[in-house]
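Structure 1 and structure 2 below are the same protein chain in two forms, each given by itself as structure tokens.
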Structure 1
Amino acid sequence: MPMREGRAASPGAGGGRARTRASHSRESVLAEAVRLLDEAGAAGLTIRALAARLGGGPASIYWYVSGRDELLDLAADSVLAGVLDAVRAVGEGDPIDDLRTIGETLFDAIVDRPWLGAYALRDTGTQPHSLRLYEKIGEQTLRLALTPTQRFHATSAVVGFVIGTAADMGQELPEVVASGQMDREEYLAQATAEWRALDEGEFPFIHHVVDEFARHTDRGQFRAGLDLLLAGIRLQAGA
């Protein structure tokens, strides 16, 4: 099991046939993986690209992770350390407000890193920060007048809503926006025009909300939806 911090790999050895080997650590592997994910998303994190960043060969990565799936899970989990730090002091106010604060902090982390939604809190058995964040969210429900069953369901609902909504928003970025060919406003204007062009008899709801759609922000939409869910939880707790 690796346990020492690697020193930076030298580029190619000097004279002679031997070439100095790179030296890694679990932390540096995960940190570099996160950097690649931030730059190019999940598709950009390949074992070969990561190895090149670390200055070594692709096979060395397999000393630290069993495969690319585990690498992604651990990279996502490592980023949640920042979310946990940000919400460490939360938990003394109104429990519903505290749930909102934690939910929004997690959502913001996923908006900052669109790839995160697909991997955060996926497997709390192998993702320690995910487990702690799940516990942190759940603890707020302990301060509500709910049964254990209701607390379990409320916690899962908040997690499901936050992760699901943020992941959906995170990956909905179409290729023309991701590549810079079109900015978000242009894209939204085009999508709005497509909605306006739909048959009004067939799509009454879409015509009813198209002005909202034209000016909505993802964050506003997320907050409004989270508040609906939290209102339902507060109602159930009779608070």
Structure 2
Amino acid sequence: MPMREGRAASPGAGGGRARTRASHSRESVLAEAVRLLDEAGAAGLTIRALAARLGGGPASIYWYVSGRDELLDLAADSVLAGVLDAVRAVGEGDPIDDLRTIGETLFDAIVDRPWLGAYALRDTGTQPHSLRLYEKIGEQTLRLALTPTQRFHATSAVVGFVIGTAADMGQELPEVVASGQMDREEYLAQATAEWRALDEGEFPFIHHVVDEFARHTDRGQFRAGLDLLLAGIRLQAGA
């Protein structure tokens, strides 16, 4: 990768040599940043920690990013590049079904990475793959009988629902589950018992859905919500 202009260090007061370029690549920096984020979350990703993982000093990271915010945006974008590749061929079938495919692929990429939801499509000016992914979603609405305003709102609704739901479902596990004191089924059973113990007169809706809550899965809940959203878009398009 060519050297960025304006990045060479000025000689020190004693006439020291200019800083030499880091030996690792931009791709290796972003790949290691993603690994660190997967292990420690956004709080664990610092320029110093990343440099140490790569075997250099902080200055070696600044060859490729201007700071931590840009690093986070580019790390997220590098993950979304894989989503874009996975859905690149989508666009020849029913547009609603294609929106569903893109939405589910994006959901799967985010739900297992609690850090990713906060940075996905956060700054499309510096996230080229995010911008292309947003374009890919929007292009499916071009195949529906919608106005520009309706297409903008439909695309925004799909993006917001998928990222928001994935970020919520992918958040850190409760301490009792993370520590191994309980598995997911035991934790869900405890929560279900607490719901059943509520006063039915005060919480009629909770008692009405408690059996559904007891057997639900996060992915099933997501898909049901996405289906409701897409059904609304299809209805609006008169398809």
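Think of the rigid core as the biggest set of C-alphas that the two forms share within 1.5 Å after superposition. Start at 1 and count along the sequence of structure 1; that gives the residue numbers used here. From a predicted model like this one, the values you see are computed outputs, not experimental measurements.
Structure 1, not structure 2, represents the form predicted together with another copy of the chain.
Once the rigid core is matched between structures 1 and 2, the CA atom of A43 is found 3.2 Å away.
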